[in-house]
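The chain below stands alone and is given in structure tokens; this is the form predicted on its own.
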């Protein structure tokens, strides 16, 4: 079923069940966000993507990432109330992640250059904003190697039972989705260190470059039914070989 509504006066159409932030971005309307990724279910953690939704006589300030679109609503992305609440949330995030370039940039765009709040006294993962993108992505990929630990001002991202997880394959997908890049990953030509573990790389048999960790290779082959030698060669060398084969056919 198709629903029709407006965003900042623009008439838009969407499928019933879609989230407002996705629809807005599809129509070229920018709504800032830190905790959103199209691959995982939204949870409205960072509260930066606030918008004003008017439905009949009711007006609501809500996060757009997890708001399901409705027929006939009016969405406003830049009202005085939206700016006020967004600025407050960014001020709180700035206290939590003062050295994060992305947080500072978003805060500055909202007129927030400093925070009135004290920095965290307990900070096991500096600049983490508790968006849980790393946890949600790890779960979505089937690894379940990360979790949230503690409550209140002691809440943090960590490992189940505070021990290196056997489920971690060293894929570093957690870092790839982290908005503040606060997760430590250290690579050498042969190993990756992440979450208290070291993972050996599979090296390309052609150029010797790291391709994937051995544990990630084994997981991917087991889950996807790929041939055993699928990760013996890096993508660059695969493309080079394919280009050479194509050229030999053409000539």
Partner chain sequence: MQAFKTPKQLQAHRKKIIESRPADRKAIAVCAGTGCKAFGSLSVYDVFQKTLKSSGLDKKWELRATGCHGFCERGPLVLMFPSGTLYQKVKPEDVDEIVEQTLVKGKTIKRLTYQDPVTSKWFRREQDIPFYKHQHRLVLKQNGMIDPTSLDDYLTIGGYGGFLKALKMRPAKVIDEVKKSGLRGRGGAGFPTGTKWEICAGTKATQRYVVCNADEGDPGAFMDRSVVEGNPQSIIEGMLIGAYAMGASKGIVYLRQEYPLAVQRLGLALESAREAGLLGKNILGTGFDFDIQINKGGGAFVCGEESALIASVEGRRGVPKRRPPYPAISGLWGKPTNINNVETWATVPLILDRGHKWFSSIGTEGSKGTKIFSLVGKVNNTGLVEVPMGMTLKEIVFGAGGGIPDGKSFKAVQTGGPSGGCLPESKLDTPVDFDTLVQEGSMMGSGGMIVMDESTCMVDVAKYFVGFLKFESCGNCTSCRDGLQRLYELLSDVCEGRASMETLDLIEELAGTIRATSLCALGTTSVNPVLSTLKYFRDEYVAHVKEKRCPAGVCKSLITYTIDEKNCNGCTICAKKCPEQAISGKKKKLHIIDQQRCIKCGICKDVCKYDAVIVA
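For clarity, a rigid core is taken as the largest C-alpha set superposing within 1.5 Å between two forms. These numbers come from a predicted model, not from an experiment. Numbering follows the first chain given and starts at 1.
Unshown form predicted together with the partner chain; subsequent notes refer to it.
Segments offered: 103-111, 71-79, 160-168, 90-98. Contacting the partner chain in the model of the complex at heavy atom distances within 4.5 Å is 90-98. A single residue from the set 203, 182, 29, 43 has any heavy atom within 4.5 angstroms of the partner chain in the model of the complex; that residue is 43.
Within 4.5 Å of any heavy atom of the partner chain in the model of the complex lies no heavy atom of residue 33.
Mapping the unseen interface onto this chain, residue 62 counts among the residues with a heavy atom inside 4.5 Å of the partner chain in the model of the complex. Using a 4.5 angstroms threshold between heavy atoms, residue 54 stays clear of the partner chain in the model of the complex. The closest non-hydrogen atom of residue 145 lies beyond 4.5 Å of the partner chain in the model of the complex. Taking the partner chain as positioned in the model of the complex, the residues of 92-129 that bring a heavy atom within 4.5 Å of it are, in sequence order, 92, 93, 95, 96, 116, 117, 118, 119, 120, 129. Once both forms are overlaid on the rigid core, the distance between the two CA positions of residue 80 between the shown form and the other one is under 2 angstroms.
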